[in-house]
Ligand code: C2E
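Single chain ahead, written as structure tokens, the form predicted on its own.
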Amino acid sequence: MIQSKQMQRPKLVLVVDDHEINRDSLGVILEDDYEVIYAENGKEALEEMRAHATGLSLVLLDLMMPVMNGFEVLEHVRQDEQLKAIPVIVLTADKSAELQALQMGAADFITKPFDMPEVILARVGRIIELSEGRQLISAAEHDKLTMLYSRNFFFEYANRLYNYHNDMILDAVVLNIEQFHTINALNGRDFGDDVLRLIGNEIRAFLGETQGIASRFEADSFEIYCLHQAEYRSLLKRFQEKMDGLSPNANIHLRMGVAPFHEEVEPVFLFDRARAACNMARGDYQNPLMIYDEDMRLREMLDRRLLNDLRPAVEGRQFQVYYQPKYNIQVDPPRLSSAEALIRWKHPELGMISPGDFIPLFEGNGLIGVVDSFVWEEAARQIANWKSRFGFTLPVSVNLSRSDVFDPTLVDRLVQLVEDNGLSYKDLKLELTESAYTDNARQVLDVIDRLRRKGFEIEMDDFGSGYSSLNMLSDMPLDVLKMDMKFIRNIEQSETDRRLVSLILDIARYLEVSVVAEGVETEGQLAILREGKCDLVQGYYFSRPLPAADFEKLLERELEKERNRSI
């Protein structure tokens, strides 16, 4: 139950004066509105202030006292972070002392003798009200855990520095804790708070050595607006060493992005650059520091352009689906078995854009589903077209992104797509990267299992590049393993790579699934894979990815070979 205002405890005021008559006089004036405690000299005053530091609303302090005078008390208060939050009104008959007291931090002064009680009460009430207002502002101004600025106040002060201190060369620095949610999960939230406090303390220590301000931006991210440093790697090392010393059982990794000062870039945009640089260092434990430069600026501009142009590209059919054939190499000669659909972007102004430039971008911004849907529809239409024209069905593999799997309409959409084009479910094969299986694995496995029960065949793409355990692999609903091309690249020269390929083929036989090897370019690679009983291969040895019209010519040639073999 909330207490009424009448039942709330009165505010606490400390009266400090070596003369009993002065203490009594002030007590009589204040006692109806405040709880009053007393001290006879500066030493006692400091003891009372420390004893009641969290509950004391005001100190009325005489300047001329034995043992310790009021000026000495003000000096102690000024150096104590906790005590200097308590407002002090000085009591003096010496006009010349007032200015010095105010310069040392006093909030106001009352002149002796105390012959105007109403004025004293008014000044006490006003100073307490102002102090409480400042404390409320301070609470909103600072992150309670680290005592760094909150984000809104940080940018207000950063803008002031930028606008009114043109002589200061200030860089934007973003510091981030890698996988902070995992640190919390493994070590507990209290330990996570210790990590944040330690970083906050070290940032404040750093700013005490230079000029600048800092903020805790998010749970695991810090922003520092500081004078330009000649070398930021040593600063990151300083912070990292603090983390390394926190606990021998916790691996805490920091990364840093820096955007150097630019006179035409305001702080909020400068920090966007620093954050982009910091994100580029994500997961790179060998190089956790990135400095924003001209190449990043151009990359950022291109990314924004591509994000803006995505939907016009779909509507204008700028995207094109290419097809790369897969060959069965366990027959002689190798025989065309299926194909993989691959996306290309022919931009009207930028020309051909590499998938490596836009696919990770769209994945990171949650837009990859737009591209995937385009590919599914084009591939299904093309399979149906070839089936109608050639009386031959060539299965095509299309990619499923992780975001697709978490779409509750996925299964129904794919079923509808197959049915609308008169296909069987095995005609449209579905590829999912190995790493996707380890992201919320249970839900992924459930969706894949539903698709297989419908009749779709599932291919695990890039096998060997992710993190699946053999135990987990045995539970995965799969039909095909696609071997990552990095294993194929050196199998002619590297005994280790040949053994790895042999091991993957053994795993596939144990799981009773087929294997596709990607990136096959030479006769020697093909021979090793055929000897190892690999089922299918794709790569430049047979064909690069082709637009539909060119792939159709390849298909016609393969059908002609089949007819000649049957004669």
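One-based numbering along the sequence shown. Values in this document were obtained by computation on a predicted structure and should not be read as measured data.
Although not depicted, the form predicted together with the named molecule is the subject of the following passage.
- Proximity of Tyr540 to the named molecule in the predicted complex falls within the 4.5 Å heavy atom cutoff.
- Of the heavy atoms in Gly519, some are within 4.5 Å of the named molecule in the predicted complex.
- The named molecule is not drawn, but in the predicted complex it has a heavy atom within 4.5 Å of Val375.
- Contact between Met485 and the named molecule in the predicted complex is found at the 4.5 Å heavy atom cutoff.
- For the candidate spot formed by Arg23, Asp62 and Gly125, no residue has a non-hydrogen atom within 4.5 angstroms of the named molecule in the predicted complex.
- For the named molecule in the predicted complex, the listed stretch (455 to 463, 241 to 249, 207 to 215, 405 to 413) containing residues with heavy atoms inside 4.5 Å is 455 to 463.
- This chain is displayed alone, yet in the predicted complex one of Asn176, Gln382, Ser338, Ser401 has a heavy atom within 4.5 Å of the named molecule; that residue is Ser401.
- With the partner omitted here, the residue from His262, His228, Arg344, Arg299 that has a non-hydrogen atom within 4.5 angstroms of the named molecule in the predicted complex is Arg344.
- Interface residues of 303 to 336, taken as those with a heavy atom within 4.5 Å of the named molecule in the predicted complex (partner not displayed), are limited to Gln324.
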